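Here we start with a single chain on its own, the form predicted alone, put down as structure tokens.
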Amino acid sequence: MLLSCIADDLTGATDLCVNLAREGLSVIQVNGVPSAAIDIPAADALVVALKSRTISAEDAVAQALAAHAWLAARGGTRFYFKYCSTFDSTAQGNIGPVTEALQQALHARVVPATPAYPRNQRTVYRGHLFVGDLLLSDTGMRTHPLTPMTDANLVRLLAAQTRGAVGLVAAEALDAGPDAVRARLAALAAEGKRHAIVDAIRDEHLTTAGLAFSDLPLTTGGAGLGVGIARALRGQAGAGSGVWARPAVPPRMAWLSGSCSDATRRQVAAANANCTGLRLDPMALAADPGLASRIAADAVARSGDVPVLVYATAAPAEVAAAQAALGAARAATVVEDAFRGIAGALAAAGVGAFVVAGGETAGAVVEALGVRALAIGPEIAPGVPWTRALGERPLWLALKSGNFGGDDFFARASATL
């Protein structure tokens, strides 16, 4: 095993997986902290997908350390902690606390960190995160219901979450090459820094960073930096060929969307133009305990040659109203519970493929379907692959981070499979 990865949500994990696979590594994704007995095929990279982005920092650390122990027992020595390209977190964590727990377990010195992904319009310059031409704090992430991002300065953001001091590896070091990046890390260590935000405004910067960091025990970042590390390691690839396979017969399909990102709202609107979607309203779900079961039955009745769409996707004002009425945690819980029941009912009725938008929703669906491990298949859109569940039950899943994909994503996903 060349690379051991821990991701803080499922869609982010598949984002990383498809990048590693595209660069020539065989990749298996495991959902949740694995049991010691789980049977996983050999692969160049193992990615453990947690659901730890928005839980308490204490619980996130515990899950990450459990994943680290499992990977280390399988021979993992080179670790990558993957989080979102928009650095989704709060002032308390969980990026900083998890990084420092892994840092201690691996006896790592300065830990590099960058969510940059220029291919997907995420860049870091002078430590500030941009989405396209906008600072992160000027995008729709400012009103994210769980992790509102109101500061684009990553040095400041990470410092608020860590005990160790945070420095910067500026773009000039990346321009100068891997040796200059290593020298900058050494200089930061000499200054007493424990973390380093890494600039990247071009894909070539991530390639340079990957070469510079490929022998470190711990690196953190988004899926983009994973590309750089995979490129540095692919000459050693060959631990397994992967176990991806397309369905022999096109399966019945469901489109499930819990993300409320700008991109997903456009995608749901486009999908609704071609089918009649079923909407999950958190306030209605909370008021009527039987509503989710009735929607599940309706979804089963509608599933067939045309994919059935079930969505909780809504505009920021609607999300805010539901959170004000129910509380943010309760509003999220009733929707996730509904998706669990709906996914289970659809699978029991013979639906064999699921396109799922949103990290929290993906976690709920994968849990409901009992999927423990995924083989990585073809890319639908940048950062989003089709995957096949490893196990006796034939299931195919596309797990999409909220902001990824074009307006026609759902239809494109169906066509790709």
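In case it trips you up, residue 1 is the first one in the sequence shown, and so on. Throughout, rigid core stands for the largest set of C-alpha atoms superposing within 1.5 Å between the two forms. What you see is a predicted model, and the numbers here were worked out from it, not measured in a lab.
Form predicted together with adenosine-5'-diphosphate: not shown, discussed below.
Using a 4.5 Å cutoff between non-hydrogen atoms, G93 does not count as a contact of adenosine-5'-diphosphate in the model of the complex. Though the partner is left out of this view, G358 does reach within 4.5 Å of adenosine-5'-diphosphate in the model of the complex, counting heavy atoms only. The closest heavy atom approach of S401 to adenosine-5'-diphosphate in the model of the complex falls within 4.5 Å. In the model of the complex, adenosine-5'-diphosphate lies within 4.5 Å of some heavy atom of P282. Scanning C260, L154, V310, A296 against adenosine-5'-diphosphate in the model of the complex with a 4.5 Å heavy atom cut-off leaves one residue, C260.
In summary, among the residues L71, A322, L188, A345, the only one with a non-hydrogen atom within 4.5 Å of adenosine-5'-diphosphate in the model of the complex is A322. Heavy atoms within 4.5 Å of adenosine-5'-diphosphate in the model of the complex are found in one stretch of 330 to 338, 296 to 304, 93 to 101, 80 to 88, which is 330 to 338.
With the core held fixed, D281 shows a CA shift of 2 Å or greater between this form and the one not shown. S257 is among the residues whose C-alpha shifts by 2 Å or more between this form and the one not shown once the rigid core is aligned. For E360, the Cα coordinates differ by 2 angstroms or more between this form and the one not shown after the core has been superposed.
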